[in-house]
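This document starts with one chain, in the form predicted on its own, laid out as structure tokens.
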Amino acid sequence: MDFQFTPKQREIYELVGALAKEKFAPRAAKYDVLATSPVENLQDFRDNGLLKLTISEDLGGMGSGAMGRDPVLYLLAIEQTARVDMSTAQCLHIHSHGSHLIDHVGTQEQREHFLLKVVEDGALCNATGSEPGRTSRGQYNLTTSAERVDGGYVINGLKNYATLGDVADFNIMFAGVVHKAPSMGHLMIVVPKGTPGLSLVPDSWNPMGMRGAASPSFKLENVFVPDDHVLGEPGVYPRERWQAKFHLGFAAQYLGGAEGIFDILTDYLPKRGTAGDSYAQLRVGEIRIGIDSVRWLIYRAAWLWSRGEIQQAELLSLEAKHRAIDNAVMTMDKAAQVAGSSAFWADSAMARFFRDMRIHTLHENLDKTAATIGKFYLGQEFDTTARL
């Protein structure tokens, strides 16, 4: 395993790092207040060709994503973005995974129809599986229904946490086919913006953190989806364990966020006059060790994806995400101990990072993740997509 970045990886790392520092960072507070998608940042991604990171090269993309030629590439872009703005990083993560899903599940006609709009026009897409009550019902037990009719399906339901929902050109949504078991009837559909019956629920996004990753709710009322907008056969998403292919995108966000807190801390403590304090030095050292351990776990998991070692890649991706969340929470705790209350004015970057990180790390059930890893090593049945 080569620990050096390729020339392309270095290019993306430095490009996104520069965009983050020069453009995203000055805008972060504004989008935090507005609680809307960061349209200027998304335009910067568009202008620099970064919306095509996870699209295959035959369509003009960069070939990243879990199933791509270089799984590390898009993770570097997410990590560098999260280092200054976790909300914008989540937007890139969701768009990249939606594009990757179409690329590897869609037909050639669907790939060309949807993804060339991304590559050539900078179209945005999202992917929304969440809906109220899903945590208690289970990952694939959806109440959004898909009823078969001539030429397609009629969709009814309510989806929430639709990141990019206010700006996406087309929405990938999940529904359950009527009268089919949850996993067998799990259906993926593409619903373009402006489709009759699709509407955003007003005032459905006002969280404490991750406010710039606008994720409102969608209502679907008798939405007709033609067959050529259905991705794959019913059940392909759980059967091919696509949820497991997205673990590292979240892990990269938690890594970047922890790095962002570290950046603020190492700038702030010398100005505060406490850089010489042994207790501060200890905490900064512990945070640094945690960040570096998470980074290489993520990169190794990505390397396993590139080798086609799917089961091991899924398991190590779970481990990487678990460790990234655990380290993010530890980073917040140790940083707060040495920064003190004066670092946490409500409009400060440190306060925003803490709000974003605390909300975003609730995405995962850490105990269930660890139990899944334990099941594997104890020879029991396990599911690498289980997280709720």
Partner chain sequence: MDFEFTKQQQDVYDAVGALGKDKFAKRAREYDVRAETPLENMKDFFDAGLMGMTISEDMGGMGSGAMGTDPLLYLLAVEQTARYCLSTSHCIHIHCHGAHLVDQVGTPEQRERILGGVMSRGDMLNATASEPGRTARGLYSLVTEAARVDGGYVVNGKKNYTTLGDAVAYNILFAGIKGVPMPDGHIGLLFPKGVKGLTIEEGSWNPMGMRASYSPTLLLDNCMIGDENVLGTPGFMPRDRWQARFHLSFAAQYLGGAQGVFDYLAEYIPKRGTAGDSYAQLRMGEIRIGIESARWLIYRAAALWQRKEIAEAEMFSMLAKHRAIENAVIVMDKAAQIAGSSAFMADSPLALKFRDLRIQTLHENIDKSAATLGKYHLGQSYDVTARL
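Predicted, not measured: the structure shown is a model, and the values here were computed from it. Positions refer to the first chain, counted from 1.
One more form of this protein, predicted together with its partner chain, exists but is not displayed; see below.
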{"query": "Contact assignment for its partner chain in the model of the complex, among 169, 286, 240, 147, heavy atom within 4.5 Å", "finding": "286"}
{"query": "Residue (of 194, 151, 202, 270) lying close to its partner chain in the model of the complex, criterion heavy atoms within 4.5 Å", "finding": "270"}
{"query": "Segment that reaches its partner chain in the model of the complex - one of 101-109, 182-190, 248-256, 313-321, heavy atoms within 4.5 Å", "finding": "313-321"}
{"query": "Candidate site 23, 57 and 119: all three near its partner chain in the model of the complex by heavy atom within 4.5 Å", "finding": "no"}
{"query": "Non-hydrogen atom contact residue 138 with its partner chain in the model of the complex at 4.5 angstroms", "finding": "no"}
{"query": "Contact test in the model of the complex: residue 346 vs its partner chain, heavy atoms, 4.5 Å", "finding": "yes"}
{"query": "Heavy atom of residue 48 within 4.5 Å of its partner chain in the model of the complex", "finding": "no"}
{"query": "Residue contact check: residue 36 to its partner chain in the model of the complex, 4.5 Å heavy atom", "finding": "no"}
{"query": "Stretch 302-341 - residues with a heavy atom within 4.5 Å of its partner chain in the model of the complex", "finding": "303, 307, 316, 319, 322, 323, 329, 332, 333, 336, 337, 340, 341"}
